[in-house]
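Have a look below at one chain only, the form predicted on its own, in structure tokens format.
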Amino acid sequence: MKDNLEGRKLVDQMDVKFKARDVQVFYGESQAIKDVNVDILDKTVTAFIGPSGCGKTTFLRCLNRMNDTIPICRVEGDIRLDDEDIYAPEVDPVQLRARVGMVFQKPNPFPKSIYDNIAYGPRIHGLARNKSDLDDIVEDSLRRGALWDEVKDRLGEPGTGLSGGQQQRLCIARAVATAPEVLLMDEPCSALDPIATAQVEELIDELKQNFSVVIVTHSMQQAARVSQKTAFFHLGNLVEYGDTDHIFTNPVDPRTESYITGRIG
């Protein structure tokens, strides 16, 4: 019995992609995040939910050091990707962001061709030895973004000419082109219509086969549809974290229940 328990613990640890301990975030003197502790699993969709301004996006941006771009922002605590301290002095944030891709709230394709939108990251990071390699990466990434069949005959056209939903899938394809291990998504469907939203949600479900996906969403219905784990943030605190089904049907903390039933938010 002891061996089985030890084996289970080992498997659990192997499944952890990100480990955050005592994370605090400050904007100048104002504290935005307070003592967040969470393990984010590999090949799993984790949803961050909570009212506006509760800290979910701020914490998401800690995971690929996007907060480094804000001069008054200070991050304290310990965040590890595969047990490597991502805030260690020797860690290059550019290389980290190749491992931890990000998709933003509004589609933001580069003012380049569809092909060059995808090829940009692999070129920067030296992932292709020649044009043939680059062509393969572009096709594979667009297929992963569920966009290849729609654009394969117009790769030279501007990415900005696509519809909103297509642009967001292009941004997802661009993010996976550098072969990241984690994909962060900050309200990726908030600017999309219901049909495009359904396409992106279906894509998220497929992406979890190969990536750890973390999604910030204002829609509890979306969190329930796409995620296996859910973290509820409130006033800068991580109030509750667990299996999505459990969080939505049998939350432990009364604040979680109040948010889910619409009494706070």
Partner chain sequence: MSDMTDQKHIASAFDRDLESIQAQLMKMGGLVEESIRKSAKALKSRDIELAETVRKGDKKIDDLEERVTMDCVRLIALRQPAASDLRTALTVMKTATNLERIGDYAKNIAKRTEVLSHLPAIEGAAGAIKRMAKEVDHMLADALDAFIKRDAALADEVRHRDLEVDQMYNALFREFLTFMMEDPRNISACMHLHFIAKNIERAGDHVTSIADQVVYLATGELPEEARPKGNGVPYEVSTFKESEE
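Residue numbers count along the first chain shown, from 1. No experiment lies behind these values; they were computed from the predicted model shown.
Omitted from view is the form predicted together with the partner chain, to which the following refers.
The closest non-hydrogen atom of residue 21 lies beyond 4.5 Å of the partner chain in the model of the complex. Within this chain, residue 243 is remote from the site of the partner chain in the model of the complex, having no heavy atom within 4.5 Å.
The partner chain in the model of the complex is approached by residue 257, whose closest heavy atom lies within 4.5 angstroms of it.
In the model of the complex, the partner chain sits within 4.5 Å of a heavy atom belonging to residue 221.
Scanning 236-252 for heavy atoms within 4.5 Å of the partner chain in the model of the complex gives 246, 248, 249, 250, 251 in sequence order.
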